[in-house]
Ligand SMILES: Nc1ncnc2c1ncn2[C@@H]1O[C@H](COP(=O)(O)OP(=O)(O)OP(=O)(O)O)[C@@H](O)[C@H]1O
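Take a look at this single chain, the form predicted alone, given in structure tokens.
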């Protein structure tokens, strides 16, 4: 990969998320998407892969938890025909165990090497890296496993999205879990948020190496056309805790009226 290619961006397929990332992930980079079950991690990854195919960039999906049939159904609900992409030689879906894939990823001429070369893959989705914890219980060893795993992706110059399960529905972020956050180039957080007695979802680009990025926390929805990213939670605080609340000044103004409203006698009401 040339220097000019390394400075290029690979669009995620979502204009709002690309804008948050100053144009999208850098080519040849690894982006980690962390979130609780159902927050949209796989949807984001499928959108990334499908958009790449639309641009003529073959993609590879490696899944440790979703049977291919379920993945095809989920993608169809977003408007993406993965079967057609496979028929056209632009996509491969590999459903395997983390043990087998990790072993093959380290082997020259192994399964990963073969699939990337045969397909001419430019993008890859790994769903989900959380299953690597089955390979080692010791935190230090697990860190080595993650390091080896990430390097296997980078060796091919692939632009990768890797998902990671967050066991907490709400609460503290776990981006540093397994020591993986420092290994990747970007970290995207997806969270559930309790907002006005209902559940919403929030997205944040927590980190992006070698590039600036939007640091606002934005609301998003999963639609028939993929992720729809909205405006920042400008009038809320505590969003990432899962219990968003109105800022004190906004709550005060809502109760007592607009600041500076005149009574007509030079007094403030």
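All figures in this text were calculated on a predicted structure; none of them were measured in a lab. Numbering follows the first chain given and starts at 1.
Separately, the form predicted together with the named molecule exists; it is not shown, and the next lines address it.
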### Message
Please identify the residue among 29, 63, 208, 39 with any heavy atom within 4.5 Å of the named molecule in the predicted complex.
### Response
39
### Query
Pick from 151, 117, 107, 77: which residue has any heavy atom within 4.5 angstroms of the named molecule in the predicted complex?
77
### Task
Verify the flagged residues 99, 143 and 185 against the named molecule in the predicted complex: is each one within 4.5 Å by a non-hydrogen atom?
no
### Query
Any chance residue 229 has a heavy atom within 4.5 Å of the named molecule in the predicted complex?
no
### Task
Verify the contact flag for residue 113: yes if a non-hydrogen atom of it lies within 4.5 Å of a non-hydrogen atom of the named molecule in the predicted complex, no if not.
no
#### Entry: Non-hydrogen atom contact residue 133 with the named molecule in the predicted complex at 4.5 angstroms
no
### Message
Even though the partner isn't displayed, in the predicted complex is residue 194 close enough to the named molecule, meaning a heavy atom within 4.5 Å?
### Response
no
### Task
Using the arrangement in the predicted complex, list in sequence order the residues of 216 to 231 with any heavy atom within 4.5 angstroms of the named molecule.
222, 223, 224
